[in-house]
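What follows is a single chain, given as structure tokens, in the form predicted on its own.
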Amino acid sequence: MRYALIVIPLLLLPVLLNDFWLTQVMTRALILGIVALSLSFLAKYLGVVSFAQAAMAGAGGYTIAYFGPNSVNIGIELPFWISIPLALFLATAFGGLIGCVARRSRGIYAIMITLAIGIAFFYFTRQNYALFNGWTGFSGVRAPLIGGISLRAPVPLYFMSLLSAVVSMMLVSGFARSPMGLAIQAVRDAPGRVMALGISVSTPIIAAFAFSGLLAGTGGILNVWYQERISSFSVGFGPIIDILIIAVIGGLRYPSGAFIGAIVFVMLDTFAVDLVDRERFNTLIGTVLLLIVIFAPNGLQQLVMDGAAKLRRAKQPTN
């Protein structure tokens, strides 16, 4: 019921908002929220903060660009019903590979390993021209035409992003309650006891990273259609930090907080020029992040939950 109260107003936004607000703010926030959701999933259920989410999203995005229409004449154009599953598969496999590399790491060591992988992927895409077209990357990447409806149009792209966000949240909720999801949480809480039961610790960790790759790859595909391009800048240090900032603002251990953080981030990024010089955006977002860490260490999602709880208690009749 509470999810319906959120989704129904979102379905009405195309009627209430113009194309600028619908595309530049809401669609972009949904896409970034999906990628940040992949990080929040790992943080909440595995207890690992990953800096490789931009690379996972890039794996999906580059696959769509390589196997779809583009203006750089690199790649093999395939039908969208083949290229999309292929992109999701490669993003998932890449996530699993990262999990295999980082499976023995925790805390700061997991952060450093995933950061190293993310930066290595950035330099690999920048220096490889046969697959990634190096520095320039891909441009003219067009969203497909499905049932006579172009996903390049603002309203269809928004609904596709909203549907992907809802499905992603449902997948996270369902996967967390599955036997593998429970095993992942057991590894987070007591890996020694899991090993004592004869269960491999590596398998749940790799599965968690693979599922995270699926989520990030979904966001990466949508982002390429939204931007109509992808390059090494799309997977560089800036996007890596942006994803972490979005997740922290919303609440690193609250999956739904990823979308709250994305909306705040996009609003600041879009309208910061009206408040400060564009060159000072990092200062502004850093200040906002610092205030949230100080006054709401669990993110804005926790503030929303606390406010709702106080409202419910205020409505209860007193004896």
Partner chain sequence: MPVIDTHNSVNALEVRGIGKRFGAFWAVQDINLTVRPGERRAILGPNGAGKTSLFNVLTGDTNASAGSIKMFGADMTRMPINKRIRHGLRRTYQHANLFNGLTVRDTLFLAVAGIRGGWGQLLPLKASDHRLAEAERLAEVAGIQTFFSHEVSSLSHGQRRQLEIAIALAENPKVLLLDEPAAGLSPAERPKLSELLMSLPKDVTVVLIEHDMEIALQTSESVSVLFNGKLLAEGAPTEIMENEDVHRVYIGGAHVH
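Predicted model, so just to flag it, every value in this text is computed and none were measured. Positions refer to the first chain, counted from 1.
If you look for the form predicted in complex with its partner chain, you will not find it shown, but the lines that follow are about it.
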Query raised in the report: Does its partner chain get within 4.5 angstroms of any non-hydrogen atom of residue 73 in the model of the complex?
Result: no
Query - its partner chain contact at residue 198 in the model of the complex, heavy atom, 4.5 Å - result: yes
Query raised in the report: Does residue 188 reach its partner chain in the model of the complex if we count a contact as any heavy atom within 4.5 Å?
Result: yes
Query - Exercise: residue 127 in contact with its partner chain in the model of the complex, heavy atom 4.5 Å - result: no
Requested in this report: Give a yes or no on whether every one of 174, 179 and 203 sits within 4.5 angstroms of its partner chain in the model of the complex by heavy atom.
Outcome: yes
Requested in this report: Could you tell me which of 149-157, 189-197, 131-139, 114-122 sits within 4.5 Å of its partner chain in the model of the complex, going by non-hydrogen atoms?
Outcome: 189-197
Query - Listed residue that, although its partner chain is not shown, lies within 4.5 Å of it in the model of the complex (heavy atoms), from 214, 162, 183, 244 - result: 183
